[in-house]
Structure formats: C-alpha cells, structure tokens
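Consider the single chain below, provided in structure tokens and representing the form predicted on its own.
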Amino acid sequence: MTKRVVVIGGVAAGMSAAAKAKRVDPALEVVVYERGPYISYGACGMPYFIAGDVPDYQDLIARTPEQMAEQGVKVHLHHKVVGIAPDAHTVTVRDGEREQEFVQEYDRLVIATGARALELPLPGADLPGLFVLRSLVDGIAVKQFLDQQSPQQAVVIGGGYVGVEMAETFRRLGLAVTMVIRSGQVMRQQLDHDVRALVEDEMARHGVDVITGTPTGFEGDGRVEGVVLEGGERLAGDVVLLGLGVHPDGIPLAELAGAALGRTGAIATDGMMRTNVPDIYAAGDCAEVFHLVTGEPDYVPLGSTANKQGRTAGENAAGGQAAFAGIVGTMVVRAFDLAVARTGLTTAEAEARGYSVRGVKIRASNRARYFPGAAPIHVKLIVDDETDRLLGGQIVGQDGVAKRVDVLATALHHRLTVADLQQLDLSYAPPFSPVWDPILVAANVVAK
C-alpha cells in the first residue's frame, strides 16, 4: 500500500519537508494542510514590499499549490488540523471553505505550524490601523492600509528585527516614526551595548524617535489614532506596528498528541527532527533547535533554519537518515544605511552561561582606505577567556558585513579559536577589503 506523509503547515519548514519527502521517495503520497491562503513565500521580504522595493506581493511567492501538484505534492489551503490521534495515526482536519471536518490517516506526520506574532491584549487593540507583521496576509494588509489611508505618524512598538526594518520602511515612505521600547534600547536582545549604540545613532540620524515606554492601550474613533503609555502619556499615531517577537504556534495541538516541549516552550526534537511520539516530526518555528555554541536546545525562529529543519524532517519521514547539525544564530538586518549582523552569543548570553568572556570591538575600513566608497566597519568578537575559543561576533557597517559575519559563523561551526582566526586566508583586493581584513584585525587585537 502507498504510504502517506502528512505535513501540518506550509511556508519554509512545511514545504521544504513536503518537497524533500517526495524527492526521497516518489512513491509516497505527500499531503500538506495549510490553514492560510499561501503555502510558500519570502516572509523576510515583506518590509521591502511595503516600502515599494518589491512592486507586487506575488513576487514574494515561491511556490503555489499548482506548482507543488506538478511535483506530486497535494496541498490543501484553508485547512486547519485541529486534532492528532497518534495511536490511530490520524489527524482531524477542518476545511475552512466547506466548514466541515474530516479524518485523514498518516504513516508519518510533520508538524510545521510555525510561530505567531506576539500581540498586546489591551483596550483598543482591535482598532483598524494596528498591525503585526508575520504572514503575507499581514504584509498585504499593511501595504493596503498605507496606500488607502495615507497615515502620517507611525508608532512601532518593539525594537527587534521587525521593529527596526519597519521603522526604516515607514521613514522611507515619509511618515514620522516613534519607536516605543520597554527598555528604551534597540535590538537589546541581539547586540552588545557598544554595538547597539551604533544602530541607535543611525536610527536617530534618520529621524526615528526612540522612547522608553510600556503601552497600556490604544485610542481612536473608528481607527487607531494614538497609543496610551504607562503613566498616562498619550502618543499620536495613525498606524501602529507591533514588533514584539514571536512564540511557537500549534503548541496545544502538539501537546494533545503527546509531543514533549523543551525548556523554551517549543516542541522538543532530536537531531533527526523526531519528537518523542513515534512517527511524528517537528520542524521550523514551532520547534527547538540545537545551538552549536552552547550545546543546548534553543529557540531561534529564522527562515533559513526552518528550511533546513524541514528538509531534514522530510527526508526522515520518507525513510531517510538525515541529521540536522544545529545553528549558531546568524542574522543580518538593514537599518537605513547600515547592515547589522550577529552570530553566536552576545557578551550577556555568554556570561549567563558561565563563560569567562573576553571581548574587543574594533573599527576598520571595509575596503582599502584609498579606494572610492571605503567606509568604516565595526567588528566585535566575544571569546572564551579560558580556551580562546570564539563564542560570538557582531558586525556593523555599510558594506561587506554579510560576507564577514558568514566567516564568523563558519568559525563557530568548527569551534575555531582566536589563533585559528588569525591564520585564515581571507580574500584581498582594494574594492572589497584592505590587505588586513577587519576580521583579522579584530582577531589580532583580541589575541593581545
């Protein structure tokens, strides 16, 4: 009999799992149930669609149900899995279009329910003009609101990746922007204070007003007109973006099936993306991931990670023996004229795990200093003072940042020491790097 792999959820992890399972065993029946209207899209491109860099949201769509059908994968949109019976190897599915439920058998199951944006259950939170930015539906809604309502004052609540990207987007569209952050610090969780200061200066230079505050409600007559802060201060805003981070989604469904959660609150998996329940895998933003620097499970919801986890889960659900090595938490984000990147641990994260930390931040040139377009680049290295092993790195600059953070990510994957970094044979040509690359400069300084 034909075996069936059922995948709950599309986008990065779900569609990677489905496509990989079908490639590994073309005889499989692979079925995907996606509760939304889109199965595969570049979520990280949404701020640039809203800003106008990407002219049409269709350009963000990577795969359609029709394209997947050509590969032999059956995709059902507007279908939500509401129950899992692991003993019977069945899922209960609610068809949102026909408003009816049915039961589907599976041989192997992949849970790829993703993450949901954190919201604020405060008075006025249902007013039009208040958004999160998680799904393509959210991105389209923000774009339509801006085009149709022409707001003038944006309030961004939260100072993480999405908050920084959307503050830039709103400014580029001509809106006044205020960022409200509980700590008053942009990217506090992602960067050390001395690196974060570079980003905050860039935000201020481009007219973003960053304030310390905690929202207690939203006001407006028919649409949002302002944010009420703790202490009674009222902040004008006719569009509000919540960038407070995400939580793993689909957790009650997984728990109902008996899947264990890790200490992060996401689904616990092993290196093959298996849960503790036989024949059930989990991948993407609903699942934990192994952090190679700490040697512990972690929750790092990134599209690049979700795709790799999905491929591993799909291959193994089809009978393979793939392993997902883990991550080091590499990211890069644009903040106006700067690229901001990090990998591994920050100083605070390393110290919280008991490391004795040595760190250094250097300023160098991203190209030969005499070459046109040369600009400052800042590199910070975080090192275990006892072993000289690299623990993390942060880089900020106008150009060449992504190239260099990938060097550090590779070093972390292979547990390189400062001495190893000093010996790296990095590329040199005046248009791309000085003869002493900033990575080597930082390694030489921290070695002292």
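Don't overthink the numbering: it's just position in the shown sequence, from 1. Keep in mind that this is a model prediction, so the values were computed, not measured.
One more form of this protein, predicted in complex with another copy of the chain, exists but is not displayed; see below.
Across the options 379-387, 65-73, 26-34, 409-417, residues that bring heavy atoms within 4.5 Å of another copy of the chain in the model of the complex belong to 409-417.
Checked against another copy of the chain in the model of the complex, the candidates 142, 333, 81, 198 yield a single residue with a heavy atom inside 4.5 Å, and that residue is 333. For the marked spot (274, 349 and 357), a heavy atom within 4.5 Å of another copy of the chain in the model of the complex is absent from each of the three residues. Taking the partner from the other structure, another copy of the chain in the model of the complex has a heavy atom within 4.5 Å of a heavy atom of residue 329. Contact annotation: residue 405 falls within 4.5 Å of another copy of the chain in the model of the complex, judged by heavy atom distances.
Another copy of the chain in the model of the complex comes within 4.5 Å of a heavy atom belonging to residue 307. Residue 205 falls outside the set of residues with a heavy atom inside 4.5 Å of another copy of the chain in the model of the complex. Contacts between 120-137 and another copy of the chain, taken as any heavy atom within 4.5 Å in the model of the complex, involve no residue at all.
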